[in-house]
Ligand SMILES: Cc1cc2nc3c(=O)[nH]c(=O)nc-3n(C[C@H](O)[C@H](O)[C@H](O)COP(=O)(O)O)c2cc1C
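This document starts with one chain, in the form predicted on its own, laid out as structure tokens.
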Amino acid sequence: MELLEAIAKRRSIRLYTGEQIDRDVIDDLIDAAIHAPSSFNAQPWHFHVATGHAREAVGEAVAQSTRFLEEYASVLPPELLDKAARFYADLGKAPVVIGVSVPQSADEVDQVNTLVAAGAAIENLMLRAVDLGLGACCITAPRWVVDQVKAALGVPAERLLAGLVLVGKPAEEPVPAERRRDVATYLE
């Protein structure tokens, strides 16, 4: 698949078949992720891959966040709130959950650099997933239960959980959302 085709085809998949993904495929995704750029080649990321029982533990931790969704009741229409609750309840049946952690830093510039690097690694991973015919979704929302999620993933206390990447065979094909075109300012 050509790069621009993968970029255009990538969607946040929130419903999976539940079919297991082979370890060599997961290794391939991680290999794509580690080729991302990072400030001074620091490569600050660590990937905490949960499948099987570990994936179930992560899912149970994330499912606890559904009780906090009421906070969004005033901003989300009821159908989206219900959809979010169902998604968090079982993570869309994704068989693989990859936590991406980075070192915590009191230095703001350093923390921004590590988070940007993590984001680049996540995008590489997600684009490779599309290339392999898989679906992926990056979520950062379960902040209410981040300590439980970190514990389920074995993320050390001194590391920040930048996000979770769900991976699996897609059981949906979301309609592409219209992209805004007023996002650039050109200066000469």
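What you are looking at is a predicted structure, and each value in this text was computed from that prediction instead of being measured. Residue numbers run from 1 along the displayed sequence.
The same protein also exists as the form predicted in complex with the ligand; that form is not shown, yet it is the one meant from here on.
> In the predicted bound form, does residue 180 come within 4.5 Å of the ligand, counting heavy atoms only?
Residue-level check for residue 180: no, no contact with the ligand.
> Answer with yes or no whether residue 30 is in contact with the ligand in the predicted bound form, where contact means some heavy atom within 4.5 Å.
Looking in the predicted bound form, residue contacts with the ligand do not include residue 30, since no heavy atom lies within 4.5 Å.
> Is residue 137 close enough to the ligand in the predicted bound form to count, meaning some heavy atom within 4.5 Å?
Yes, contact at 4.5 Å.
> Check residue 10 for me: does it contact the ligand in the predicted bound form (non-hydrogen atoms, 4.5 angstroms)?
Close contact exists here: in the predicted bound form, residue 10 approaches the ligand to within 4.5 Å, heavy atoms only.
> Though the partner is not shown here, which residues of 85-108 have a heavy atom within 4.5 Å of the ligand in the predicted bound form?
Those in contact are 87, 88.
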